[in-house]
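Shown here is one chain on its own, the form predicted on its own, set out as structure tokens.
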């Protein structure tokens, strides 16, 4: 069996911030350690407010962190936000191509990439619509397409399906897994849904309550596509649930 390279390595990471109202220091993460291998799909679950999104933002350098406890082998990362984070004054095509345009990619090359991503995420026919004209599911498809347009080796996703209805979320999960299978980038996803984590992931990292520690790491070896009605699937969901509750 070929050994996969570690692309994210977190060792003994602690993080706190100062509450502006009370001036007290609030401890969020305490001595957190885990690693993620290339091409791996990893989900992070845990109780509300435990620091799941915080660690994702630390990896992406969206939060200031003076520690040197986060090792990243590859710097080409993209981030999918929970609240879509689209530019309301740009249409679908322009939102997807925004990062490429900022990198001064020529128009022909930009159009090729944008057209490819529009097809992959199922947005054909909506290219010229603006965010206010889109459903929640379509907005998140734009967010995912924008992230993928940058050809990331690491894709970070912060509860990407939490704002969607059940059927829309399920369809988008299937589409995302197909895209991940095609490109085999490394994915780290924060979710509050245990069954979503078990459905999508190679491993599930379970956080404890704040100040957060890693309580358990669960390997998910069920074959894909996963049978969500199987005893093995329910057993894994129960196992993770008991670690959180």
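Positions refer to the first chain, counted from 1. Just so we're clear, the structure is a prediction, and the values are computed from it rather than from any experiment.
Separately, the form predicted in complex with ligand ADP exists; it is not shown, and the next lines address it.
**Prompt:** Thinking of ligand ADP in the model of the complex, which stretch from 178-186, 32-40, 193-201, 51-59 has heavy atoms inside 4.5 Å of it?
**Reply:** Comparing against ligand ADP in the model of the complex, the contact stretch is 51-59.
**Prompt:** For the spot marked by 98, 114 and 125, is every residue within 4.5 Å of ligand ADP in the model of the complex through some heavy atom?
**Reply:** Not one of the three qualifies.
**Asked** Do residue 234 and ligand ADP share at least one heavy atom pair within 4.5 Å in the model of the complex?
**Response** Contact check for residue 234: no, nothing within 4.5 Å of ligand ADP in the model of the complex.
**Message:** Can you tell me whether residue 28 touches ligand ADP? I mean in the model of the complex, with a 4.5 angstroms heavy atom cut-off.
**Reply:** Flag for residue 28 set to yes.
**Message:** Is residue 47 near ligand ADP? Define near as a heavy atom within 4.5 Å, in the model of the complex.
**Reply:** The answer is yes: residue 47 has a heavy atom within 4.5 Å of ligand ADP.
**Item:** Heavy atom within 4.5 Å of ligand ADP in the model of the complex - qualifying residues of 205-222
**Value:** Heavy-atom contacts within 4.5 Å come from 210 alone.
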